[in-house]
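In the form predicted alone, a lone chain appears below as structure tokens.
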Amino acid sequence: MSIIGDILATTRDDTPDETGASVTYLIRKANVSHSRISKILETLVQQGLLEQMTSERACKYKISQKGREFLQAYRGFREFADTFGLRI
């Protein structure tokens, strides 16, 4: 869940430009392998949490409105868990 949170937060806050974040950029920010992040990105796009933008050079990803709502709920849950000393 924390990797998904990192990916969504990166596509919301840290994109190098408004066209979205590249796979390479997300790999560096989330600190996961290419094969693992590819599966995660595919799932997030299928679930509607990310939008995939395809250009001539590469695929880029932007957070969707549904992804923003998920990220907000995830952060709220994480803060709630932290108040009880639980680590997610």
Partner chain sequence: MEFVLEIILNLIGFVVGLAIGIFAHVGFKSTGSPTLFRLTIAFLSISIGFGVVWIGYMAESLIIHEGKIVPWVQTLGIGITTVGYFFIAFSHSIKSFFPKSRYFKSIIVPLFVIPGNSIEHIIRSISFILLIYGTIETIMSYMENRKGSTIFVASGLGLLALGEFLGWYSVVFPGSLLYFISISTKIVGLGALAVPISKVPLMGMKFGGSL
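From a predicted model like this one, the values you see are computed outputs, not experimental measurements. Positions refer to the first chain, counted from 1.
This next part talks about the form predicted together with the partner chain, which is not shown.
Practice task
Indicate whether the partner chain has at least one heavy atom within 4.5 Å of a heavy atom of residue 47 in the predicted complex.
Solution key: Result yes; residue 47 sits at the interface with the partner chain in the predicted complex.
Exercise for the section: Decide whether residue 72 counts as a contact residue for the partner chain in the predicted complex under a heavy atom distance cut-off of 4.5 Å. Expected result: Yes, residue 72 sits close enough to the partner chain in the predicted complex that at least one of its heavy atoms falls within 4.5 Å.
Exercise for the section: Answer for residue 83 alone: is it within 4.5 Å of the partner chain in the predicted complex, judged on heavy atom distances? Expected result: Residue-level check for residue 83: yes, a contact with the partner chain.
Practice task
Find out whether any non-hydrogen atom of residue 79 is located within 4.5 angstroms of the partner chain in the predicted complex, and reply yes or no.
Solution key: Yes, contact at 4.5 Å.
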